[in-house]
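This document starts with one chain, in the form predicted alone, laid out as C-alpha cells.
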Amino acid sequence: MKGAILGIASAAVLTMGSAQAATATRSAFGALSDGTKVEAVTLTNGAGMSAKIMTLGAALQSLIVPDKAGRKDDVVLGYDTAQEYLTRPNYFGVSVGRYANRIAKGKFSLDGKAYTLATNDGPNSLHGGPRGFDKRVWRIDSVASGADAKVVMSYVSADGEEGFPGELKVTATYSLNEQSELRLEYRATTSKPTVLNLTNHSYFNLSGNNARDVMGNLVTLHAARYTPVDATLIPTGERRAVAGTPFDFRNPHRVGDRIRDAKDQQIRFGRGYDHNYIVDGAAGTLRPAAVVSDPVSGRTMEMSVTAPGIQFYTGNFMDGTFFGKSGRAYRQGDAICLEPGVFPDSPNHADFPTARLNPGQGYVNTMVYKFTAK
C-alpha cells in the first residue's frame, strides 16, 4: 500500500481479571548527568500486572507479570537508573525513531532530494541515529486512572533533526486495563514529507529478572517469508520462503534449536536471528504475529500486529560486558525482541511497504502484548 501510513498494532493480556480500577502513579526517576530530571508513570491493575514508563525515550522500563504460581517478576531488560540508558545504550524498552532499524549507508531520497544521515552501525544508520528518540526526554501530557490507567507522552522533533526532514510531532500512549491489556499507541504528524518507522524495542525474558536465558523458549512466528540481508544486515530486496530453513517458526521451535546453524549464511550474518519477517495476512489488519512461551515459568506472550513486518532479534550483540537491573550481566541470548514496523531500509526499496509520511496524514502505530500464565 504505497502513499499511506499503516496503523501498526501489537499488545499484553493476563488471564486474571479484577473489578478494581487500574491506577496510574507519577513519580521521579532520578536525573541525567546534566541535571535534566526524568519522571516515570507506573500503571497497575488488580490482576498483579504493572508497567513502568519513563520519560527518557518514552521507554517501558519494567513490566511485572505473575507466573503460573503467582510469583511476580520483571520480564523486560533494562537499567536501574536513567543515566545508564545513555551511557550504556542498548535500546532497552525504548521508543525508537525516527526510523527504527537500518537505512543503508545513511542515505535515502525523497521527491528527488537526497538526505544523508549519521552512520552509527558500521556503514549504516540505525534506529534514528546517535541521538534518536530513545535518547530524548519526552513530556508527560496526561496521566489518568480508571477503567484504563493511561499516560500520554509527547516529543517534537525539529525539522532536520538527525538529518530527517520535517518537524515531527509524536505522542506515545500507554494504557493498562483490568483485563491486563497493555496498549501502546504511537501517533505522529509532519510539516514536510518525511520517512517514519516507529516501534518499541523491549527485550523480553519471560523467566523474569533474567533468571535464565531464552534458548529454551518456544517461539512461533506467523510468517511464511522473511527478508534476507547482506553482511551489514541490510535487506537484499528478496522475499524468501522460510520453509526448509532455520527461519521457519510457523510451528513452535526452541530459540536455541537452530541458532548456531553455521551452514546457513543468514544465521552467520546475523550472529543468530536479527531479521525482518513478513507477517502473514493483510497489512493494516490486526492479526497474529508471534507467540513466545517459557515452559518453566508458564508465562506465554502472544503478539498481534497490523504492521507488514516484525523484526525478530535474539540479543546477539549483548556480550556480558555491561550490567543491567540488579547488577545482572546481559549476554547474547538473554532476551528476544519483536519489533513491528515497515521493513528495514524501506526508503531505498520501491517495492517495500512505504515509510513515507506526508503533511496532512496521520501516522498510527499501536502495539499490544498478551500474557497468560499456566
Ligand code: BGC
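None of the values given here were measured: they were computed from a predicted structure. All residue numbers refer to positions in the sequence shown, first residue = 1.
Below, we refer to the form predicted in complex with this ligand, which is not included among the displayed structures.
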property: Triplet 91, 127 and 313 all within 4.5 Å of this ligand in the predicted bound form via a heavy atom; result: yes
property: Contact residue in the predicted bound form, from 283, 219, 233, 110 (heavy atom within 4.5 Å of this ligand); result: 233
property: Selected contact from 302, 161, 84, 274, since only one has a non-hydrogen atom within 4.5 angstroms of this ligand in the predicted bound form; result: 274
property: Exercise: residue 345 in contact with this ligand in the predicted bound form, heavy atom 4.5 Å; result: no
property: Residue 95 within 4.5 Å of this ligand in the predicted bound form, heavy atoms; result: no
property: Distance check, residue 323 to this ligand in the predicted bound form, heavy atom within 4.5 Å; result: no
property: Residue 197: touches this ligand in the predicted bound form, heavy atom cutoff 4.5 angstroms; result: no
property: Candidate stretches 75-83, 95-103, 187-195, 164-172, one within 4.5 Å of this ligand in the predicted bound form by heavy atom; result: 95-103
property: Residues of stretch 348-374 in contact with this ligand in the predicted bound form (4.5 Å, non-hydrogen atom); result: none
